[in-house]
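Okay, so here's just one chain, in structure tokens, the form predicted alone.
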Amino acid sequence: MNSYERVLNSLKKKQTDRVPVVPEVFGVTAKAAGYSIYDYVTSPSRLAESQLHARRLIGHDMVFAFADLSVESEAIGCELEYKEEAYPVVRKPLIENLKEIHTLDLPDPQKDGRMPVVIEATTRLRDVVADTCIVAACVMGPMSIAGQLIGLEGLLYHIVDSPDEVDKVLDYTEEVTRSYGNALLQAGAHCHIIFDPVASPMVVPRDVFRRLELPRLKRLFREFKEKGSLVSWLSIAGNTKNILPFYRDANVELATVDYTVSIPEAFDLLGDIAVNGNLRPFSFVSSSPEKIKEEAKKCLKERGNRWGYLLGSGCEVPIEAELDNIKPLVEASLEFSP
């Protein structure tokens, strides 16, 4: 059974030769391939090579077409600050008056910012792995793009003070996610992960998620599935217990849960949705390989006899981690699985 088959069978709740291992490994893969983070986020060949090199070393079951959290906002027009060994970040909000959203054009994924970098990396990855391994493309959700365009503090203020204007901003950012996501599918991605950290209950209230985020996720996942995405995957970090019951209404089929949500809790709250997680991301920096394998086996034990489970990190593995600290996930899966 290859990685592609292993993941798809697990998502269908079918027994597999072992539990799939799908940690969120992005920039951390660059160092092992001999590249800086700047190289990784600006070069399609180096992004793809880093992902493939890491998979050869670790043996996990997926590769990721993803640079960083600011690709969409940069393509819209935000100025980024780049560093050699850190992800680029938005220097300052692009708009102050929410009515300015009407002055912004939708970015062209084939031309604007670094969207073409990730699109080309997606094609390179698919050309190599074909259908032996899933290529997961990662896109930012509407709430997080809005937080970069107008600033997180500004977004939270306007949600209360100018809800109608925030709705229009989110309509725009939803279109950015849709356009970029569709381009990544056309480039060869098997599926998407929608990341939306600003939609976490650690940032916005549950009712805000239900009212502003949920219908947009539902539309996005529906369209991506219609365009051929294999699975609708949502990754929101933090303690998401009070929004997990909404995921089914958003057409989510796979949910990444952070270490603050136990595996049994996730299954109980999500119903028939598959679960990915939930090792503490910083443990890949601070813990020993032996301790990480122990924690991975704990996750596997807690999953019980459920087959809709993919072992992984509760959020992105930090770029400071060593790949030797990620290998124990595969070792644990091999040792634990029937």
Partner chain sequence: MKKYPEIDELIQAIVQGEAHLSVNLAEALIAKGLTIESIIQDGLTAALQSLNAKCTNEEFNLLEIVLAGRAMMAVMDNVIIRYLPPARATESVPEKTLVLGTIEGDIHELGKHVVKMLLRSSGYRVIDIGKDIRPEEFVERAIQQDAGYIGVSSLLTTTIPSIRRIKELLNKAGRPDIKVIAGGGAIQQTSRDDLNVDFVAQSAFDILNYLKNLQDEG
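Positions refer to the first chain, counted from 1. Keep in mind that what you see is a predicted model, and the values were worked out from it rather than measured.
This next part talks about the form predicted in complex with its partner chain, which is not shown.
Contact between Y38 and its partner chain in the predicted complex is not found at the 4.5 Å heavy atom cutoff. Residue contact with its partner chain in the predicted complex: Y259 places a heavy atom within 4.5 Å of it. In the predicted complex, its partner chain lies farther than 4.5 Å from every heavy atom of R222. For the chain shown alone, E81 is a contact residue for its partner chain in the predicted complex, at least one non-hydrogen atom being within 4.5 angstroms. In the predicted complex, no residue of the candidate spot (V139, R178 and P245) has a heavy atom lying within 4.5 Å of its partner chain. This chain lacks the partner; the member of K168, R210, K227, K241 within 4.5 angstroms of its partner chain in the predicted complex by a non-hydrogen atom is K241. Taking V128, L152, L214, L104 one by one, only a single residue has any non-hydrogen atom within 4.5 Å of its partner chain in the predicted complex, and it is L152. Proximity to its partner chain in the predicted complex, taken as heavy atoms within 4.5 Å, picks out 81-89 from the listed stretches 81-89, 115-123, 214-222, 246-254. Interface residues of 136-162, taken as those with a heavy atom within 4.5 Å of its partner chain in the predicted complex (partner not displayed): L152, E153, L156, Y157, I159, V160, D161, in sequence order.
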